[in-house]
Every structure is written in structure tokens, then in C-alpha cells.
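Read the single chain below, which is given as C-alpha cells and is the form predicted alone.
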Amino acid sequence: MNPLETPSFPSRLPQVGTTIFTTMSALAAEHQAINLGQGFPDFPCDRKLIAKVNAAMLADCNQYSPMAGVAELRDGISQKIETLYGHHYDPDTEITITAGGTQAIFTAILSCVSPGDEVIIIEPAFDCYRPAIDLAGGKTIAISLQVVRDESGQVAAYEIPWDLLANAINSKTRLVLINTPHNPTGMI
């Protein structure tokens, strides 16, 4: 092989194609629509935030953060949770900052799931669940939401079929992933 050639390695996730987020972003751009697929705002960033970020960078606050996240941020999150919900979480042992929701989900799944374990997901599901379960060596068990219609036939709600969920749990079940509020239905 030529040393300048890039070696070809098989994908560990060959079944993962274009995500719904990529598709919806392309459609939003094509139709000049607001992109609700990934939370792209249709307004500029607050200039005060830009100024504060700039000031922090000029003050040399631009290094990697500690693995668990900056202590002041973890303390603030702990205080906010306690104020809002009355529950105290130790910021040193029970709160970790991630680079985003997808990374948090990926890390949690890889931390808990071993080859052969089963993970129950509620479909439709966030598109990062299955790849993370696959990479961990787990098996996805999908339970589809049930549509509830009103008298006119319109969708009134979505419900988890609790009997199917209960029947899916067995000795190999390691996790049940529940997204609330559910994306994309918005149901709680």
C-alpha cells in the first residue's frame, strides 16, 4: 500500500445511513423554512453572550475543562435542581457535564451496556440510541408508541403500551430508555 493512501476500514455501523436530522435540515434549507429538526434558532446569538465569551478567551480561559466539568457549573446545576425540584445532587459525585445530549446518551449507554445486554427503546426514538447500543454490543428491543385518536379520527395523544413494555423486560434487560418530553411527539 502506498503510505500516502488512506486505509479502508469497514464501518462498525454499516446500517446507519443519513439521519432524519440531515434530511430535515436539507429540506428546511431548500424551502427556506425554520429548521425545527436540530434546534437551529432563527435569531442571532445575544451580543452580551458573545462579548462574555470573547472576554473569557482574552483572559486565557480557553483550556480543556476538567473531565466532570467546571466545578462552578456543576455547583450551579445542583443548586438549580434543588431550587426547582427540591432534590439535592452532589456536584462532585452525581453531576457530570458533557459536550451535548448525544454525547451524554452515548456515554451512559456505553457505561451500562455490555455485549448481549438488551436495551428497550420507545419508538419513534432519537437516532443516536441504536448506534450506541450496537457499539456497546447490546441488542435493541423496540416498543412502538400507540396512537390514540379522538372522535373525529385526529391524533389526540400517544401512549406507551405498558403491557408490551413489561413483557419485554427480562433478565437480559439492562436499560429502558424513556425520552420525556418525547421527541418528536412532544408528549410527556
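Since the structure is predicted, the reported quantities are computational estimates derived from the model, not experimental observations. Numbering starts at 1 and runs along the sequence shown.
Separately, the form predicted together with a small molecule exists; it is not shown, and the next lines address it.
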Quiz prompt | Segment that reaches the small molecule in the predicted bound form - one of 154-162, 121-129, 137-145, 50-58, heavy atoms within 4.5 Å | solution = 121-129
Quiz item: Heavy atoms within 4.5 Å of the small molecule in the predicted bound form: does Pro115 have any?
Solution: no
Self-check item: Ser78: touches the small molecule in the predicted bound form, heavy atom cutoff 4.5 angstroms
Solution: no
Quiz item: Is there a heavy atom of Gly86 no more than 4.5 Å from a heavy atom of the small molecule in the predicted bound form?
Solution: no
Quiz item: According to a 4.5 angstroms non-hydrogen atom cut-off, is Asn179 in contact with the small molecule in the predicted bound form?
Solution: yes
